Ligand SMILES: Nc1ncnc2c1ncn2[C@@H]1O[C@H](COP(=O)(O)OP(=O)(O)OP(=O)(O)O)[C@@H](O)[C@H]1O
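Read the single chain below, which is given as structure tokens and is the form predicted alone.
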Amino acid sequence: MTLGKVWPRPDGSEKSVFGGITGVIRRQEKIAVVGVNGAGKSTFLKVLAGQAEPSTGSMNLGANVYPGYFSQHAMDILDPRKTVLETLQDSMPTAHLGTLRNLCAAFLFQGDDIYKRIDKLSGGEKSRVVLATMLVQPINLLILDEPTNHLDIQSRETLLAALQNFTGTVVLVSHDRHFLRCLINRVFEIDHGEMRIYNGNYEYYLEKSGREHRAA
């Protein structure tokens, strides 16, 4: 990929979000996209997921790459009138009830919780439903923007375990350092419109960038 992105300003000028980003994302990598607030991390994920067009350059997905995108507004796609079970049934129409119950349990919906309507769920519960529906799809590239927002500790650990066992590629933005330390093997840092690539885990990034005492 070689990417650049600008947003138009109200006065007709343009704001450069990032430019000249080049790199290759390889199979089974777990990549964190980091940078200060406003650096363009979410915009980069949108371009990567095909939700926004790059202003310059292009991105080529490899053969048989099937992306899934979780944004901070992902819960909006859920049908509020359906239950947790019905929502997962829609994602796995041929699955047996036992399989669906096991999937619900894996994402901490047990007993009568599976019959809760979406509009009765908390933000964290809705996030878990969306993530569960994604992880049962034939997706091998997960693009996740702040997936741990709204999640309690148990839910974060559940998601972390699922992503550690996920055999595809993960590209994510998260401020959860524990999450990043346990999952990541490569870091893309967006800084002043440019990208630096660190070919190591999150601790390697903190050491090499000199950011041990700064937030991701």
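For every residue, the number given is its place in the sequence shown, counted from 1. This is a predicted model, so every value here is computed, not measured.
Separately, the form predicted together with the named molecule exists; it is not shown, and the next lines address it.
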**Non-hydrogen atom contact Gln72 with the named molecule in the predicted complex at 4.5 angstroms** = yes
**Message:** My question is simply whether Gly38 lines the interface with the named molecule in the predicted complex - judged by any non-hydrogen atom within 4.5 Å.
**Reply:** yes
**Prompt:** Would Thr43 count as touching the named molecule in the predicted complex under a 4.5 Å heavy atom rule?
**Reply:** yes
**Prompt:** So in the predicted complex, does any heavy atom of Val17 sit within 4.5 Å of the named molecule?
**Reply:** yes
**Message:** For a quick check, can you give me the residues of 129-155 that have a heavy atom within 4.5 Å of the named molecule in the predicted complex?
**Reply:** Glu146
